[in-house]
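Before any questions on how it binds or moves, here is one chain, the form predicted alone, in structure tokens.
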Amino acid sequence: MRISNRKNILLLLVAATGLLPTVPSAAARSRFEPLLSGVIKIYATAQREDYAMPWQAGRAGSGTGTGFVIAKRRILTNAHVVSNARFLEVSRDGHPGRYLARVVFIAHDADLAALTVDDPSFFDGITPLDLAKAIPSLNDEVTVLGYPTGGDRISVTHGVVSRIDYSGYSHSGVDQHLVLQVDAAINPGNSGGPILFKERVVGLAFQGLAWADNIGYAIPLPVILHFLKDIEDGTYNGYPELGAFFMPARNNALRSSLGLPENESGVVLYTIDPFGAAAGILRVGDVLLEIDGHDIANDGNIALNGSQVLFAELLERKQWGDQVVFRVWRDKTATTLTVPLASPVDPFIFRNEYDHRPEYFLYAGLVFAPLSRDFLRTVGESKSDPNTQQLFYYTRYAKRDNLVTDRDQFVVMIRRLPHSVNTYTDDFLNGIVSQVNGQPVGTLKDVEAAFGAPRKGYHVVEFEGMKQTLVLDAAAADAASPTIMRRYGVPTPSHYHPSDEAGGRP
């Protein structure tokens, strides 16, 4: 869910794993013995893609995490434990050997994944962990089971719930959900470990603050239940996105300009995402007064299950295809509006990407690729270059400034493989392609198609915000392309996602 107000600033979080390791005492083992069999160590060999040279994969690496067995022979863990995995194994405490595992469902927007093991003997003697019916309260003591780095045996760690809040999930880089904060540090290895309250699962360890000691975060029960409910039909659809950005309705001048009565409270919408469910129903300037019968306070909070939470938390508990009812103040009148929570696929979210090869197209040594968050991590020293700064601007403001019309991607010229045919093209690097040979570019495939139709023997490439055009001799470029590919070890001139994946649900 990506609903925010102007004060809601995401913390800089690192995807870390686990709580400080503590070898369980004999008494602790005895207390949790029935549960330990269901806590699983995960061994992942992963390989991130190279978004600077998208035809080749990056170096493979290995790591460990934790998971736990739930019903239907599924192992619940974090998405970041198994993302980009090429090989997965699991083991049990006190049992020799490892078993091959595979991902059944993965939710990058919620940092959750469900694994299974095809060998049924792996589950012999395992007691699946039970999920609680509600999250714990502040100051309740919780227990974390897992396999933090530093040993092969299971650990038991205790902490206290210090905050229940709505915050960012670092795995996707853009999504916000409910989080459970505990007063314990997060360290590598225990990510995905169950957090228990009265021997039932209330959360799953997943990330920590980069600059703070003894602060850890867990994915709480409502997010876990949303994931499990979503996958019941065999498909993960992800969270519905309202796409409404708001500010508090506390300012008297603002309230007066809207004609908002003193006895009404709520939040004022200042941006409607064209790809959100609210598009065409809610408007800029609307004041959200109630959501499904819950009064919305001027700070955006509602009373839910005895706690004050951001109204988005009620949306968080909805599934794709559900609906929500708002009471809205519009044109100095209160009205009721129903919003179906089914929005079009949004290709301009710019989440961190996982589990697929990056797209690219190479012609005459010029490499074109869609603008992505992952590519921007590769720009390094060129961050001060005007073209690169424009890329950062587009990832943040393109929808707000209506720059996405007739586009499904922003195509960037990300690299030049030097050859005499493409000399003097460096000034166009990291530029956003607007047209090729007079044809508008809305996707990467449009670039490839347009290069098939030169104009009077030349290819002319135009870029957003530039008066200059890049010009290539078409015959020379065609002749040089195979030579350039061999010289730089590029196996194929292009790679595209399957059509059912392009811009798909998270």
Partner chain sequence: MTRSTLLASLLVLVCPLATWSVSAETNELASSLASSLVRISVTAQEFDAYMPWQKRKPHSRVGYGIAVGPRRLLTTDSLVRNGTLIEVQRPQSGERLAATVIESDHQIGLALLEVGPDTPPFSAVKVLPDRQLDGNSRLQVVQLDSTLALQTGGAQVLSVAMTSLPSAPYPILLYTLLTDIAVNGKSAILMSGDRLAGLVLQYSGSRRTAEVLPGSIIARFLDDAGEPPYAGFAMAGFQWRSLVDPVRRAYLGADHTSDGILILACIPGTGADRILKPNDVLLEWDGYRIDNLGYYTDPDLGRISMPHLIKFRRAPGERVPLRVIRDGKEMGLELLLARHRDSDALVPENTLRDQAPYLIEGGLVMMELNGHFLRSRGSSWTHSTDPRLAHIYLTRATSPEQPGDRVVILAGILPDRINQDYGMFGHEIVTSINGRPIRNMRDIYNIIGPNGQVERIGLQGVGIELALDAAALPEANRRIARLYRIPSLRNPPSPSSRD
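Note that the structure is a prediction, hence the values are computed from the model and not measured. Numbering follows the first chain given and starts at 1.
What follows is about the form predicted in complex with the partner chain, which we do not show.
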Check your understanding: Does the trio 86, 223 and 301 actually contact the partner chain in the predicted bound form, every residue with a heavy atom within 4.5 Å?
Key -> no
Quiz item: Taking 4.5 angstroms as the cut-off for heavy atoms, does residue 384 touch the partner chain in the predicted bound form?
Solution: yes
Worksheet entry | Close approach of residue 378 to the partner chain in the predicted bound form, 4.5 Å, heavy atom | no
Query raised in the report: Is there any non-hydrogen atom of residue 473 lying within 4.5 Å of the partner chain in the predicted bound form?
Result: yes
(message) Can you tell me whether residue 246 touches the partner chain? I mean in the predicted bound form, with a 4.5 angstroms heavy atom cut-off.
(response) yes
Counting only non-hydrogen atoms, the one stretch of 350-358, 91-99, 328-336, 270-278 within 4.5 angstroms of the partner chain in the predicted bound form is 270-278
With the partner omitted here, the residue among 251, 149, 319, 235 that in the predicted bound form has a heavy atom within 4.5 Å of the partner chain is 251
In this chain shown alone, the residue from 166, 428, 123, 105 with a heavy atom within 4.5 Å of the partner chain in the predicted bound form is 428
Checked 456-484 against the partner chain in the predicted bound form; residues with a heavy atom within 4.5 Å, sequence order, are 458, 460, 467, 468, 469, 471, 472, 473
